[in-house]
Ligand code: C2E
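This document starts with one chain, in the form predicted on its own, laid out as structure tokens.
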Amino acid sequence: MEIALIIVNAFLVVCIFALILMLKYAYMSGKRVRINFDEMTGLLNRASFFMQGQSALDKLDKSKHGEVALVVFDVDKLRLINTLYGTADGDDVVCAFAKTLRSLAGKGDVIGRVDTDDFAFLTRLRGRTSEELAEQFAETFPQYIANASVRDQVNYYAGVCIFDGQDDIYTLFNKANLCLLTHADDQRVSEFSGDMEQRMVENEIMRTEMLNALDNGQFELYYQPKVEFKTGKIIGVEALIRWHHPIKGLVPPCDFIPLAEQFGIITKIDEWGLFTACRQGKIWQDKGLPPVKISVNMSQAQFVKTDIYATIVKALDETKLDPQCLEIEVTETMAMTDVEHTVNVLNKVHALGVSISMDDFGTGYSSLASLKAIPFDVLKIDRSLVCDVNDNDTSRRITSAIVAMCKAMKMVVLAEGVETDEQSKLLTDLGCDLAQGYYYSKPRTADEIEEMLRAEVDDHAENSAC
């Protein structure tokens, strides 16, 4: 009897132990399954996509290269959609991407969600071009989004790399991702080409050189005078950046500012320019020269991504420049991108005593209501209107209307790009207050501006003596 009981107990222990092992195995298997997939979409996660993607490439007949592509999709403005419509609608967009890719996938294709708003799709083209594949995606994708408002807002970009029979999955992905980094704003689908890599290398070299330029003092501000039409007197200058490249020589801003914006370096350059201009203005004043208003351009990135008000306060405090000698220039398009934010920021800046100027007026989409709400002191008529104001009736009438509007709103009117005596005379007759352009002066170094200001002082003293 005792022996039978011992055998039964031993059997129960073995059964319990076996059950524990089975449960543990089932749990670990389920856990392994879960960690290989994205919870929301059920697609492969990043690590699993690369693993299975490489496995799929290894099984391919390398002679059939050119028939397989890796497409990386980037969901544009997903964070904005989450903010405006809520995370449920944002999740709906993400799931719509997953459903669309599944609907386009065939045997052997591999799909993964490789980041919060990025998807990767390794697929056999099956006779399709990358453009045709993108068209199929564009036709299918909206069907899976329930909210019509979100459907209208959502956008995406796709980078494509065709398998060449040699690249591994990581190289394919990097090349497709490179297309996303270099695509044009109006180009939804971009396919990898060899020159992209070269451009990327060149851009990376330029990015490093710009950072070094900031550290090594290679940037310099030039100043273009702003002149009163009626008197010819310099009443202000616009600070314009130049780059003294150790090999290329003097590099104009049009050759590097767009790249600085693309790389996110523009805010550093803008801040350097603001502090340098304020410091120079104080130097001129300390030398006994008449105070001139220095205009500094603000980029979109600095206006949106930094606390521009705090930066201006710090610059004025450190340099001891009178706020009335500083003017901030914002472009028309920049100011109208988010009017409420623009009004809040510029009102605070204006309260310091700093002037606000709207640059490039006539090229964007301002409304009179917006102009009334934002505390602009100066409006700069774009050079595209000024260049043919003498010969084009439409340009002349538009310029005349702008001047009349500014007078009614008590704003100073400045004409940019004045290059001839005829332009100067007509713009004076139309009622423009200030001029800026090569007819009066090209951008000059700080020392040259100092000489010009000193000459004006000497002329005034001589005339007074007479």
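Since we're looking at a predicted model, the values are computed, not measured. When you see a residue number, it is the position in the sequence shown, counting from 1.
One more form of this protein, predicted together with the ligand, exists but is not displayed; see below.
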Site check Asp74, Tyr156 and Asn177: each within 4.5 Å of the ligand in the model of the complex by heavy atom: no
Partner-proximal stretch of 293 to 301, 339 to 347, 392 to 400, 111 to 119 relative to the ligand in the model of the complex, 4.5 angstroms, heavy atom: 293 to 301
Exercise: Glu416 in contact with the ligand in the model of the complex, heavy atom 4.5 Å: yes
4.5 Å heavy atom contact, Asp89 and the ligand in the model of the complex: no
Arg242, heavy atom within 4.5 angstroms of the ligand in the model of the complex: yes
Asp360: touches the ligand in the model of the complex, heavy atom cutoff 4.5 angstroms: yes
Contacting member of Glu191, Glu327, Glu209, Asp270, with respect to the ligand in the model of the complex [4.5 Å, heavy atom]: Asp270
Sole residue of Ala134, Ile308, Ile257, Leu316 within 4.5 Å of the ligand in the model of the complex, by heavy atom: Ile257
